[in-house]
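Here's a solo chain for you in structure tokens, the form predicted on its own.
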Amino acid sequence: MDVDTGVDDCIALLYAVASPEVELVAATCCAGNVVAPRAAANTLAVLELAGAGDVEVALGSLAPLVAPLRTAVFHGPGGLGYAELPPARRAPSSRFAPDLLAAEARRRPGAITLVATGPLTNVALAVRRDAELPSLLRRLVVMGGSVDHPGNTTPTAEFNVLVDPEAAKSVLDAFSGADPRPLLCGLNVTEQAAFGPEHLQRLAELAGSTNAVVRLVSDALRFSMEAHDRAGVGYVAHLHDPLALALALDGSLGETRAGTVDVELAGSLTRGMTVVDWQGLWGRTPNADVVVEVDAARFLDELVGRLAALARRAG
């Protein structure tokens, strides 16, 4: 997983550890929701709490390829909302995240699914290091963009892509011949994954409100719920990153449509916008499988169940 660990990356990491079919090879960290060193510290702390402190965590790029870094406001000053975790006992890996991504894909060709839930800076740099990365991965899954749907940072752009649109475009271009195509999970579906107080209550009923994992989930998501409420969205948290991971594990949760996706770099009003050619008007082969429908209710039920099982096991 390539993460910029804020609130929803935190839940995605917990979901990965909670899923018995997942071997989490490593977590690589980029700048996005928070600065990259904070993302790495958050990742180490979350994994340690979840009983997965032996997973390698590597620090990657400190800034986007071209633009100055902009961090998020929906994750709190430390990135985990109201949650405060003790520093992890382990330090980040000595490996640079893009080098790790390229090396692990080459070490286990065709076996690794890379789930990228932050800006795509590390992935773009990894492709620069090894141009064969797209053919070495089992699949690339991206939480990013917004397809035929408004943005969440500007009227046209989703946060991860807007932070580093050059990286997003570079990755989509590099993976244009990959088989299978990258799976693109954007705001058009992730904003349907609305986690509310009733889900927190169910989690507490299943695992106990004093459980450390339950407290982490609750303290992190309450901040996000309050921020969304102040923004007029409602008292919910949108679980963008966990949904992308869930779709990587179980394609039956959603429906996809092949499309040619590109990223606007120059427009003063539309920089970072993900544009999809559904009709082949550009004369280019589709380069992504875009998620267009999702069973949000089933996803949220499965997420709560797996988090509860993890909480009982780790708590």
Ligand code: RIB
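Just so it is clear, the model here is predicted, and its values are computed rather than measured. A residue's number is simply how far along the shown sequence it sits, counting from 1.
Another form exists, predicted together with the named molecule; not displayed. Remarks below refer to it.
Under a 4.5 angstroms non-hydrogen atom cutoff, the named molecule in the model of the complex lacks T43 among its neighbouring residues. Within 4.5 Å of some heavy atom of the named molecule in the model of the complex lies at least one heavy atom of N33.
The named molecule in the model of the complex is approached by N152, whose closest heavy atom lies within 4.5 angstroms of it. Taking the partner from elsewhere, L216 is found to have every heavy atom lying beyond 4.5 Å of the named molecule in the model of the complex. Partner contact region in the model of the complex: 7 to 15, out of 7 to 15, 288 to 296, 21 to 29, 302 to 310, criterion any non-hydrogen atom within 4.5 Å of the named molecule.
This chain is drawn without the named molecule; in the model of the complex, the residue among K169, H199, H75, R181 with a heavy atom within 4.5 Å of it is H75. Interface residue among V141, L187, A124, A83, judged by heavy atoms within 4.5 Å of the named molecule in the model of the complex: L187. Using a 4.5 Å cut-off on any heavy atom, the residues of 151 to 171 that reach the named molecule in the model of the complex are, in sequence order, N152, E158, F159, N160.
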